[in-house]
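Take a look at this single chain, the form predicted alone, given in structure tokens.
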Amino acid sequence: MTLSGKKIIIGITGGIAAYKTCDLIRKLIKLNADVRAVITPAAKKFVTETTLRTLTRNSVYCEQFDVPEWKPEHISLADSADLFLIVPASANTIGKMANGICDNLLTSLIAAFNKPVILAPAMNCNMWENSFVQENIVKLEKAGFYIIPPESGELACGYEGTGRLADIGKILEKALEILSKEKFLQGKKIIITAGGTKEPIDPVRYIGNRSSGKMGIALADAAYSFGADVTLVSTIKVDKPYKIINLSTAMEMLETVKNEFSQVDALIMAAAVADFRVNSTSDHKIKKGEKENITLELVKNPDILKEISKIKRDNQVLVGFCAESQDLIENAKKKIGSKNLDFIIANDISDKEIGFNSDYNAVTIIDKFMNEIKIDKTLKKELAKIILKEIFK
């Protein structure tokens, strides 16, 4: 494989493992990558600027406010790169990045960088296991950073445990995987629904559910990153670079999806659509007064997937979500047939650590031939990518 035309920033922080980064740079250069090294002041204690300049054949960047001459490529470093690797990532720099502290050039560049970032931590085993360090790792992982955890073994400090830098081969492999990702959804038009519908009782109150919309939004983000022309139909307001249609009720969602469906290749119904709505909505706020009880008459909402299946073409893909607290797989498989689905994503809402309002989920992907793929607890951002790859592979 060649990395010709790819620009990579290598960030080096203060730690004995910094010398290993030289080997990573050498391997990237051998693949024709354009590599720029950014080091923290503490990293100078472990690796010299001369060594890095010789290996990268580029300038080495360290001081944030000490630039001897104006160089546009230095100012636009974050914008021009395709990938940012921080190898090794110290506990100190991890803490700064996780909390938005920009007190050196490396942390300032990370704050401005909006493309993939790989972190390869290395430190004393007790530091790695420190609860604050672990909280910061989780924050960065949730923000989309790729974490390559340290390995277990004998450490430079004399301790035995988890903290040594991951094998350079693993770090290189991850970088190649990210840089070689194809836009496999290029040319595809996809509708994705997200959030829980809100069925009004009066101008103030509504019947709703606990859906946060995180899974649907993660799917839309991932589809967009894979090159798809995305339309997000959502009850949650978000600011994204793709088309968003905001609405509230099941009836509005049905109408919108019907109008859009004929123009797309796939519909992914991740929204939690209310099964019922109030038959007669009050135009005015219902007063409590002396009433001890109030009765609401509910009527069934149409099943959006069933309605869409009636107009589905053979070359269109229909994907549903199934949230159950018992008999998950059995109920999910019944819905595939009754709703004419190509795939259904089944998740167990009885597990409090996943699903509603959580950043994590665990699902089973079932296709129309009843094949099952079980995905254990995973960040929804990563799970979205897995789901899309399975659907469109």
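Note that residue numbering follows the sequence shown and begins at 1. On a predicted model such as this, the values are computed, not experimentally measured, just so you know.
Same protein, other form: the form predicted together with cytidine-5'-monophosphate (C5P), not shown, and the subject of what follows.
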Check: Among 233-241, 149-157, 201-209, 265-273, which stretch has residues with heavy atoms no more than 4.5 Å from cytidine-5'-monophosphate (C5P) in the predicted complex?
Finding: 265-273
Margin query: I'd like to check something about Arg36: if you look in the predicted complex, is any of its heavy atoms closer than or equal to 4.5 Å to a heavy atom of cytidine-5'-monophosphate (C5P)?
Written below: no
Check: Can Gly95 be called a contact residue for cytidine-5'-monophosphate (C5P) in the predicted complex at 4.5 Å between heavy atoms?
Finding: no
Margin query: Taking any heavy atom pair closer than or equal to 4.5 Å as contact, tell me whether Val133 reaches cytidine-5'-monophosphate (C5P) in the predicted complex.
Written below: no
Check: Do Gly320 and cytidine-5'-monophosphate (C5P) come within 4.5 Å of each other in the predicted complex, heavy atoms counted?
Finding: yes
Next item on the list: Sort through Leu165, Leu219, Leu85, Ile304 and report the residue having a heavy atom within 4.5 Å of cytidine-5'-monophosphate (C5P) in the predicted complex.
Entry: Ile304
Item checked: Sequence-ordered list of residues in 336-354 near cytidine-5'-monophosphate (C5P) in the predicted complex, where near means a heavy atom within 4.5 Å -> Lys339
